[in-house]
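One chain comes next, on its own, written as structure tokens: the form predicted alone.
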């Protein structure tokens, strides 16, 4: 049993070294610049060793994307545990989403790379299933807060609207805003001085439109921000401010 456990640990450690080596190559040189030969050369492994863990470079990319989604999910879990009203907790989720993009912009970009059909279709069904599961967990956290809001009468959805509709709205605003923020260098010229703050205000407008109480005009969002910074993400905000 101990021998088997040791072998499994060695396999996992080797796989992690491959991913850690592939990551900077992918970020610096892009999808086309990443190759199994380059990874093997950098690690001084045989190509066969690399292929024992990953059948192609697309499998490496989706494995990295899975790690990215897990990183965001952990931030969302911490945000969801924030002690406050349901509206304040969804506020904390917005902070987590912003922190993720500010601290890990390359991870955010990686999620777009993996969505390319030319890459996604070359990955294994096993890893695609893991990726989908990670995304469902992340969205399930947000959906749980929506359901808590309904249960506590902070939110009433019109007939025909389900919690997932609201989650999708938040998801759409976030992905759209962050995609623009991380790829455009013209926002100031376009009149967007503080893009992350503009994103936050647009989220508030969406939630106010759904009637999620307290409305943004009825609570001190600055004070809530301060609490989130101090109680949930002190290290992350220090890193952003550094």
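In this text the structure is predicted, and so the values were computed from the model without any measurement. Residue numbers count along the first chain shown, from 1.
What comes next is about the form predicted together with a further copy of the same chain, which is not displayed.
Going by heavy atom distances of 4.5 angstroms or less, which of 49, 202, 35, 42 would be at the interface with a further copy of the same chain in the predicted complex?
Result of the distance check: 202.
So which of 105, 84, 144, 169 reaches within 4.5 angstroms of a further copy of the same chain in the predicted complex, heavy atom to heavy atom?
Partner contact (heavy atom, 4.5 Å) among the options: 169.
Kindly confirm or deny that 68, 234 and 240 each have some heavy atom within 4.5 angstroms of a further copy of the same chain in the predicted complex.
Per the other structure, none of 68, 234 and 240 touch a further copy of the same chain.
Would residue 187 count as touching a further copy of the same chain in the predicted complex under a 4.5 Å heavy atom rule?
Output for residue 187 is yes: heavy atoms within 4.5 Å of a further copy of the same chain.
Is there a heavy atom of residue 63 no more than 4.5 Å from a heavy atom of a further copy of the same chain in the predicted complex?
Taking the distances in the predicted complex, the answer for residue 63 is no, it never comes within 4.5 Å of a further copy of the same chain.
Taking 4.5 angstroms as the cut-off for heavy atoms, does residue 214 touch a further copy of the same chain in the predicted complex?
The answer is no: residue 214 has no heavy atom within 4.5 Å of a further copy of the same chain.
Would residue 135 count as touching a further copy of the same chain in the predicted complex under a 4.5 Å heavy atom rule?
It does: once a further copy of the same chain is placed as it appears in the predicted complex, residue 135 has a heavy atom within 4.5 Å of it.
Taking a further copy of the same chain in the predicted complex, which residues along 102 to 135 bring a heavy atom to within 4.5 Å of it?
109, 112, 113, 115, 116, 117, 118, 120, 122, 132, 135, in sequence order.
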